[in-house]
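Coming up is one lone chain in structure tokens, specifically the form predicted on its own.
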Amino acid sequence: MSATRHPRHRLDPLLQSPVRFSVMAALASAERLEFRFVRDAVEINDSALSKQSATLEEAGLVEVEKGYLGKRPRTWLSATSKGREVFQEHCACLREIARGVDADRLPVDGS
């Protein structure tokens, strides 16, 4: 086996879920987003976003902040610095995979 491993080995398992990847993509572009905005952007329901954001929060990738806007309760989501770093590395691995096999790593045909 080659000393250089395929980039898929560096993908973060949490971000292999399309919903969690989409949530992190939304949060990567802003400092903080309101729960309802993320829910609508990712096109999921409240329950699904609550579950996925809790999973991301437990892993230290997302911060969930509850508060009020006037008298109305609100929830905001933000990517932590660790979350931004993990998301960027995950995206870099996906780009590396999408580029294809490095020609220098192809076996030499003996014929």
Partner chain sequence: MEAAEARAALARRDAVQGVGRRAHAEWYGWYLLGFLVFTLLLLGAAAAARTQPAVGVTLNAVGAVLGIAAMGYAGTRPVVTRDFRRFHAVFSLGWTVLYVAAVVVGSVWSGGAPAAWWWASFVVLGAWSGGAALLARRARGRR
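Numbering follows the first chain given and starts at 1. Just so it is clear, the model here is predicted, and its values are computed rather than measured.
A second form of this protein, the form predicted in complex with the partner chain, is not displayed here; the remarks below concern that form.
For the three marked residues, 14, 51 and 55, no heavy atom of any sits within 4.5 Å of the partner chain in the predicted complex. In the predicted complex, none of the heavy atoms of residue 44 sits within 4.5 Å of a heavy atom of the partner chain. Although the partner is absent from this view, residue 10 stays clear of the partner chain in the predicted complex, with no non-hydrogen atom inside 4.5 angstroms.
Though the partner is left out of this view, residue 32 does reach within 4.5 Å of the partner chain in the predicted complex, counting heavy atoms only. Interface residue remark: residue 60 is not counted as part of the site for the partner chain in the predicted complex, having no heavy atom within 4.5 Å.
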